[in-house]
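Only one chain is shown below, in structure tokens, and it's the form predicted on its own.
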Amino acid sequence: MATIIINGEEYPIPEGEKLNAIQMAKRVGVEIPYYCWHPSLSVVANCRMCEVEVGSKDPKTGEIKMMPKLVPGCQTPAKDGTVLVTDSDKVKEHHRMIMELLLINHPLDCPVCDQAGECGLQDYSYQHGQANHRFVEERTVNPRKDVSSLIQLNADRCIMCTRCVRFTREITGTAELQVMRRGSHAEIATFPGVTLDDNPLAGNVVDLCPVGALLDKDFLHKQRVWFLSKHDSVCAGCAGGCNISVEENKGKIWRVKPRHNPHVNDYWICDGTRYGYKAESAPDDLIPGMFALDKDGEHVATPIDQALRKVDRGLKDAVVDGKVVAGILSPFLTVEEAYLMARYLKEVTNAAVLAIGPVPFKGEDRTYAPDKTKGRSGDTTFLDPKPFTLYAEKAPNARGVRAVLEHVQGSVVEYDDLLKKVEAGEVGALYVAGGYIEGWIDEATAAKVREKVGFVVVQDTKVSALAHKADVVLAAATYAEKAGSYVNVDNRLQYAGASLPPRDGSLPGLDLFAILLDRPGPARSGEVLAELAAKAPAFAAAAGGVIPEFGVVLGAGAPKAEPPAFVDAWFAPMGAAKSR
């Protein structure tokens, strides 16, 4: 077995994994500080912060020979017989000198810097720097400037790690950013007349920046990061299922950051995901509570229990004269919500017709394929650099809802086919579960449904044309207010935790259907998923309601153990909620 020696201790090197010294040391609990290196970008070794003592052990004699100079850990492969020393006086003195160099021109503005609390300069200065600043000459001062309408560049704080430059060159291939001039006059800049506004992945350069040089103007000076609670979630904006961290304080979302998943979005998210939370939770558009029509045909606020009794009674009374009860299951529902809704409507009448709601599309798929000759620094821990795709399909769970309908009903009724049944007068009652981010039904279609169907229930987050005409309107939770699982375009089932409590007057769909089904106790997504996995072969990979950290591909049988991920120290959100 291949082994490596780190600070006098011998460790086995994981078989089949190609790691560098930084990754291998972290694997065994030893930190090698770094700035410029990133696991998905090319290796440039220009910050010099990760330099360590490196040598080799002779397999025959056991003699250890060390190199005379320090070597960057990011460029040092972890191979059999390699010897690393990360805690010697020589290495510690080198870290101190590098920190002094990086801070020569750095302004002392930590109290007003948005990066404070998650800053690599702050942390490493405390751990590896020195208390006294010996540089007394005039510092270089660069103007603050915008590189896009949403990203501010504070060049004074930049340490020239070039992560942002490499991202635009190697990941998006757009190359808006460059290093201008040389030496102490070098600074990051955009090409003349070019900004990052047309780059749909531009916000990732803010996440990549290990210091406070690149800042998100949408978040600037609004919150201190140590006040934020971070929750693991999945983007509901398209079929990609990007892993995200939703960061909130006192019941309000302040920003959304990417969460690493090597099988889905790697380290990146699009700007639509990053800033989409504002449109999805705009308070003026959200349904404020439960409503039902009174005897005068006006919607009046109704307690939840009374509203649900009206729903149950209205659906059951509609099963007359050969007409059917129908349900429209939105592709924005979680797997668990879709399952309970289908079960409930089939309990009302086994002849209930269940259809998937309209799946919105916008534009065409756009794929950014990284240059596979660069990045990963030889790391094949998981996969080759994964292309990032912006999907035209703007729904998070169309495949999950279809799989549920296949199990419960044996087939999937399309939305247009159900509308034909409505127009033919075959539907006596209709239960519609929405949750769409944008409008999904027009006035003409809503009027036709109201005219042809005797009893209409709308469960939604936002007011729609059909909600104005429904007999009962139920306020459902937004994606951030509910927990559950989604199936993305690659058929990967992933779990998204709730980031906020349900707003006043609303309930997650899981709770609404649990009440209608008279299920005892609070509805828990894990228990519902376990029930579905035990009955539906398509969901067998989620046996016991357990979903691995990076999700599981449906139909793939028992999930395989995943190797531990390398998480970039200045990139990944910390303290994410794990409860279900």
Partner chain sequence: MRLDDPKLKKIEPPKLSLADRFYLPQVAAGLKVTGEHILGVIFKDQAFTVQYPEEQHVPSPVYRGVHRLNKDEEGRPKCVACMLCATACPAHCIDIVGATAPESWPDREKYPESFVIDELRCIYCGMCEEACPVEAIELTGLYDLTGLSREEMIFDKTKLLSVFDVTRDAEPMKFTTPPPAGTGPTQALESPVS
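Residue numbers count along the first chain shown, from 1. Computed from a prediction, not measured in an experiment: that's the story for all the values here.
The next section is about a form of this same protein that is not shown, the form predicted together with the partner chain.
Asker: Check whether residue 180 has any heavy atom within 4.5 Å of a heavy atom of the partner chain in the model of the complex, and answer yes or no.
Answerer: No, residue 180 sits far enough from the partner chain in the model of the complex that none of its heavy atoms falls within 4.5 Å.
Asker: Can any non-hydrogen atom of residue 226 be found within 4.5 angstroms of the partner chain in the model of the complex?
Answerer: Flag for residue 226 set to yes.
Asker: Although the partner isn't part of this model, could you tell me whether residue 125 comes within 4.5 Å of the partner chain in the model of the complex, counting any heavy atom of the residue?
Answerer: It does not: once the partner chain is placed as it appears in the model of the complex, residue 125 has no heavy atom within 4.5 Å of it.
Asker: Is the gap between residue 251 and the partner chain in the model of the complex 4.5 Å or less for some heavy atom pair?
Answerer: Because no heavy atom of residue 251 falls inside 4.5 Å of the partner chain in the model of the complex, the answer is no.
Asker: From the list 501, 322, 143, 111, which entry has a heavy atom within 4.5 Å of the partner chain in the model of the complex?
Answerer: The residue in contact is 111.
Asker: Give me the residue from 278, 420, 313, 222 that has a heavy atom within 4.5 Å of the partner chain in the model of the complex.
Answerer: The residue in contact is 222.
Asker: Out of the stretches listed (77-85, 395-403, 214-222, 362-370), which one is close to the partner chain in the model of the complex, meaning heavy atoms within 4.5 Å?
Answerer: Correct option: 214-222.
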